[in-house]
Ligand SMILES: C[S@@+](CC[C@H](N)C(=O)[O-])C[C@H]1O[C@@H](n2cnc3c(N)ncnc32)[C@H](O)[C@@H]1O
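Given next, in structure tokens, is a single chain: the form predicted on its own.
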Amino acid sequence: MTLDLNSLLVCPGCRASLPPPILWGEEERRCACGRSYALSRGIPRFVASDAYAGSFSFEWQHHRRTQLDTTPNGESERTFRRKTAFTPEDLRGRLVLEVGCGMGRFAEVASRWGADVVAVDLSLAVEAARENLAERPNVAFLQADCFALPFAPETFDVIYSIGVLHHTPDCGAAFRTLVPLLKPGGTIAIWVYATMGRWAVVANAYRRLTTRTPHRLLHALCYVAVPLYYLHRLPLLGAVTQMLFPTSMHPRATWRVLDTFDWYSPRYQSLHTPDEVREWFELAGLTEIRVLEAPVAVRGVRSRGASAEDNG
């Protein structure tokens, strides 16, 4: 069955249901409040631009298939399991929201497991994701801001966001906007960057410059991660080189370039502790909270007695 967005969407401005039928067969759809939303390249657009996420538009256009699994139990699937603790049984037949889909690596996993996936991203990565998963009728993509998502409260059975919320202006606030979209009894899982060692201090110092560097130039400079990998692995010397020139240690060269660019390019990037994120879940009224082994990954369940107003 093809996933139909029409019954799910509301105006993110006034929160009213968009006038039926929302077929997105035209170039623009106008809400009764006067706001209009475009359809471009087959994707509903609820933002005028990619705003502060321009580095991700560049990143996922250039690495549109780098992290896409080509076989079951590939690296993206293993990462998805580790950072959410979801199994195929948890998602099969469920309506799932992915916040920050990038080029679709995790939407590929969730949809392959049998979920109906609504995948959202602020950046133009949604175009690469839609292209990658064009043959999946149970996935729908839209471009939107996580602080103003076009969905009614209590819409989704499952929500997840992996490696995204810490790239917003306020990670905790971004998380809080998601909880009301979860049905009572539904599960939400997020993974955000953890506070790190001394090398992160050096890396963040470099970010003062790299976040201002043109994306194309910075991406070219990130190829230094390919040979540095071998220096970083040397006893004693590697500890020094990794401290002075922090780069990805992924065993695949292309992933090293991608991961290094992913660290140094985003405008916003915050680090968090397990206790801090767990407190977000507690204050949101979530139950069955689990802090997973992957730092910092936390999941919880919305109480069946909760209402949209409780978290609104």
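As the structure is a prediction and not an experimental result, all values here were calculated from the model. Numbering starts at 1 and follows the sequence shown.
Heads up, the form predicted together with this ligand isn't pictured, but that's what we're talking about next.
The candidate site formed by 179, 282 and 301 is entirely out of contact with this ligand in the predicted complex, as no residue has a non-hydrogen atom within 4.5 angstroms of it.
Within this chain, residue 52 lines the site of this ligand in the predicted complex, having a heavy atom no more than 4.5 Å away. Taking the partner from elsewhere, residue 162 is found to have a heavy atom lying within 4.5 Å of this ligand in the predicted complex. This ligand is not shown here, but in the predicted complex it comes within 4.5 Å of a heavy atom of residue 145. By the criterion of a heavy atom within 4.5 Å, residue 265 is excluded from the residues contacting this ligand in the predicted complex. Here the chain stands alone, but in the predicted complex its contact with this ligand, taken as any heavy atom within 4.5 Å, falls in 167-175 among 207-215, 232-240, 167-175, 182-190.
Heavy atoms closer than or equal to 4.5 Å to this ligand in the predicted complex belong, across 75-106, to the residues 98, 100, 101, 102, 105, 106, ordered by sequence position.
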